[in-house]
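Below you will find one chain, with nothing else, as structure tokens; this is the form predicted alone, and questions on how it binds or moves follow later.
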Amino acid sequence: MFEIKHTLCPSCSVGCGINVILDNDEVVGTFPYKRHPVNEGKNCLNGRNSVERFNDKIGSDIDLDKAIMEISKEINDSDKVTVLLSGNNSLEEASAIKSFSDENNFNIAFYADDLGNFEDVASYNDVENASNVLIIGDILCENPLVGRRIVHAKQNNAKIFSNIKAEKSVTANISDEVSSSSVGEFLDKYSNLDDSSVIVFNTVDSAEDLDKIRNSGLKVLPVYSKPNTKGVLSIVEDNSKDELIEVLNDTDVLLVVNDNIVDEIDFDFKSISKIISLSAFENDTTKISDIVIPIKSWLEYDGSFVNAMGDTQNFSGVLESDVSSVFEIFEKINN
């Protein structure tokens, strides 16, 4: 029997609504959630393909009790344990992970794309109604539903100025001016824009660029690669890539919760004695992990994500699952 259920897209921090198509409790596809205020009935390719990761779902045919015993032994025998949070974790999971880490005196790490934490950010309406939009990164290609708001701004006679390193980009096609200079030089060039202008970015060159963005006097909108990075930033401080590498260099046991950090940083993970992954899906990090425990995916539990502009959105599980949640795993480890 076919069913259609609403949830949130997990593909980036824009926070679009999607409809999941189920056939006898099997995920078979998606289509846009037409009444969702963020995407208003549109989904990008990443959103449409978001459920394809179920092809790589980790099976539940493991001896969970044995795996928990192994994890407990590893973390109890080491004084250099690091727990790695992710923007894929819901608000509720992130709070539980921090509590678990604090209770056990573990290090906690969190990588937020090197985009930093901006407490006050522009809304999507601010972008749409801006007089000028400064874009850093190929936003229209990588985050099309924010790109849609930029297109609307262009239709409202806004000027679009872009800084893009790629030779070809979708964003360049709608830009009035395109630069491939350093981010710092780009920001300096447009330092005298009026205060209704907005900076939208999903990449920077350095921490100094973040300082320039903060001090620009303009509204800013960082667009993160994961659905709840903005929410996790309200719970823990983020690490830059260099800071994270320093933490990992001083780690003997790494507990990765729902992330694929191997694909994000250039680090010799073989230098870590034990890597433990809690993950719903197979990825390059689970492939190098010594212990892998399956957990519920975002389609299998209730929670909330905070999108790029700071709105908290609740979602409900659309599938039944006998796989353990992050909360249940931590409770078993602590017991």
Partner chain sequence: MSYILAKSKNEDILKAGECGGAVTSIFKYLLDEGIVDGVLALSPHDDVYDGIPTFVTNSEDLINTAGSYHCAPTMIGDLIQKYFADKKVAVAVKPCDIRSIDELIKRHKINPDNIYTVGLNCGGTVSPVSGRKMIDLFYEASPDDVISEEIDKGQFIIELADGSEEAVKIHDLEKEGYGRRNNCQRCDVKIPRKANIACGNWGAEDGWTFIEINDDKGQKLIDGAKKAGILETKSPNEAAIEGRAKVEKIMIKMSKKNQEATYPLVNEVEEWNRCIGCYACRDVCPICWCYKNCELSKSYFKDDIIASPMPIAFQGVRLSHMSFSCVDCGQCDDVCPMDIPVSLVFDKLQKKYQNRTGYLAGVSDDIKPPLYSPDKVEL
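Positions refer to the first chain, counted from 1. As the structure is a prediction and not an experimental result, all values here were calculated from the model.
One more form of this protein, predicted in complex with the partner chain, exists but is not displayed; see below.
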Exercise. Decide if the three candidate residues D176, Y190 and D209 all line the partner chain in the model of the complex, where lining means a heavy atom within 4.5 Å.
Key: no
Practice problem: Examine G303 and determine whether its closest non-hydrogen atom to the partner chain in the model of the complex is within 4.5 angstroms. | Solution: no
Exercise. Answer with yes or no whether E40 is in contact with the partner chain in the model of the complex, where contact means some heavy atom within 4.5 Å.
Key: yes
Self-check item: the partner chain contact at P144 in the model of the complex, heavy atom, 4.5 Å
Solution: yes
Quiz item: Do K57 and the partner chain come within 4.5 Å of each other in the model of the complex, heavy atoms counted?
Solution: no
Practice problem: Would you mind picking out the stretch of 285-293, 44-52, 268-276, 65-73 that comes within 4.5 angstroms of the partner chain in the model of the complex, counting non-hydrogen atoms? | Solution: 44-52
Exercise. Let me know which residues along 132-161 have a heavy atom within 4.5 Å of the partner chain in the model of the complex, or say none if there are none.
Key: L140, C141, P144, L145, G147, R148, V151, H152, Q155
